[in-house]
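Only one chain is included here, represented as C-alpha cells and corresponding to the form predicted on its own.
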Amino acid sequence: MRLQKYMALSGVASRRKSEEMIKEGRVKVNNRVITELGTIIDPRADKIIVDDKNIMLETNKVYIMLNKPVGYVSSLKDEKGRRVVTDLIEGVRERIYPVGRLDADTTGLLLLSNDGDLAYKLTHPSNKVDKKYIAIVEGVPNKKELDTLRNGVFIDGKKTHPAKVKISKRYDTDSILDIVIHEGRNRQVKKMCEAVGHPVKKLKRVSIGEIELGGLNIGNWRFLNDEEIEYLMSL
C-alpha cells in the first residue's frame, strides 16, 4: 500500500495532506524518515510513525457534520496557536480530521472523518461535488458581473470553472448571493466576488453535494445518519 494512503486510512489526514507531511519529513517507516511520495509499505510488517507517534489502520469509520463558527481553523493544529475545529468535537475517540477546509472567518458546513478515501472523493475537483455558499457581498452585482461569475473568472492566474450564481436578496448597500462551485481553491468564493468588484462581507457554506447543514446550530456537531453516509459512499 502507498504510504500516503495508509496514513489517510489511519485517520492521520487526507491523502493530499498526508503527502505534504511526507515531504516535510514528518513521517518515518521503520524509524527511517521518508520524504519520497509513492513509497510502498507493508501494513502488516512495517512500523509507521507520524510526528513521533505510531499509527495504525483505523477500522471504525466516523463521519461528522460541524457548523463551524468564525475563528476556528480547519486543521488539527495551528502554528499560530489559533483554535482548531477539532476542539469543538468532544467524546469521539477516533482520530478525525477536516475533509476540505473553510477559512477561519467562514462559517457553516464542515465534514470531519477518518475515512481517507472519502476525503479524496469530496476534495478532488475531478469528482465535481457541488458546494453551496451563502455570501453577503458589498453592492448588488449587475447581469454582466453575474455572468462573469457564472462563466468563470481569473484568480491567481487561472480561470475558475463555471459556477451557479443568483441574487437571493437585495439591499441598499449590499446583497445576498447563492453560489455553487465544485472546486475548492484557496479562498475561491471570496476571490471570485472581489474579481467582479463585490467583496464578501460574510460567507457560509450550507451544503456539500446532497449533505445539507439544515438547522444545526453554530458551533454544534452531529454524526451523519445512515442515509447521508450511503450517499457519500455512492460518490
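For clarity, every value in this text was computed on a predicted model and none was experimentally measured. Numbers for residues come from their place in the sequence shown, where the first is 1.
The form predicted together with a small molecule is left out here; the points below concern that form.
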4.5 Å heavy atom contact, T106 and the small molecule in the model of the complex: yes
K190, heavy atom within 4.5 angstroms of the small molecule in the model of the complex: yes
Non-hydrogen atom contact L102 with the small molecule in the model of the complex at 4.5 angstroms: yes
4.5 Å heavy atom contact, L177 to the small molecule in the model of the complex: no
Among 39-47, 22-30, 166-174, 181-189, the region lying within 4.5 Å of the small molecule in the model of the complex by heavy atom distance: 181-189
